[in-house]
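In structure tokens, one chain follows: the form predicted on its own.
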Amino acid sequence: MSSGSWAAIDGLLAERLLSPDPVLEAVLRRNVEACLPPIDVSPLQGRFLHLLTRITHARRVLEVGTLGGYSTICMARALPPEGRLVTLELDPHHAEVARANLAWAGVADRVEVRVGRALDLLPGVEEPIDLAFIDADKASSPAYLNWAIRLSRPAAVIVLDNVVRGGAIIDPARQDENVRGVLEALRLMGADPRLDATALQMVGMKGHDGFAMALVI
């Protein structure tokens, strides 16, 4: 089956399962207009993050990698009134676009965008967190994972995005620093006695990739 078919199936699933969302659709357009890279999560993946936030009854969420705030909005919408989401973004322009999108989507009151190198910002994140979504530079995935575990309460959930990388994780010829970072994070997830983990590979409008998810025990 071709990647075009994967995208078509994503379209069908979104049509059947998701209601039209003019706000999120406009956020994607605004991100393109602001020249952000088109690497936002898909609408179906965004709904997954939304549902996961609800399922875990999360009140404190950590996101590593904001981009234009699409995934941030999906999770922030699922927070209770007293909930709070802290999202970390390296690029000041991305953060500026995200802040505008968050305000326009009506969730800026429960989200804080912090700008800088994530490994410098993570020590200042208030704990404990209930949910962590890690979607930043993959070479630093092991360090982000360790910080997420440190900041998490028992029964928190950690999601690590883009762990299949088009199959590069099994191709030695394609194992750059990003793939090596993902592989080490997966090894740590499986070896750490504080975690109960799994991973799913996916195909769709974002190509061939997947995510890993762990419960902090």
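All residue numbers are counted from 1 along the displayed sequence. Quantities reported herein were computed from a predicted structural model and do not represent experimental measurements.
There is another form of the same protein, the form predicted together with S-adenosyl-L-homocysteine; it is not shown, and what comes next is about it.
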query	finding
Proximity to S-adenosyl-L-homocysteine in the predicted complex (heavy atom, within 4.5 Å), stretch among 145-153, 179-187, 52-60, 33-41	33-41
Sole residue of A98, V111, L131, L88 within 4.5 Å of S-adenosyl-L-homocysteine in the predicted complex, by heavy atom	L88
Candidate from V125, A118, A105, L79 lying within 4.5 Å of S-adenosyl-L-homocysteine in the predicted complex - any heavy atom	A118
S-adenosyl-L-homocysteine contact at L67 in the predicted complex, heavy atom, 4.5 Å	yes
4.5 Å heavy atom contact, R84 and S-adenosyl-L-homocysteine in the predicted complex	no
Contact of S71 with S-adenosyl-L-homocysteine in the predicted complex (heavy atom, 4.5 Å)	yes
Contact set, 123-141 vs S-adenosyl-L-homocysteine in the predicted complex - heavy atom within 4.5 angstroms	F133, D135, A136, D137
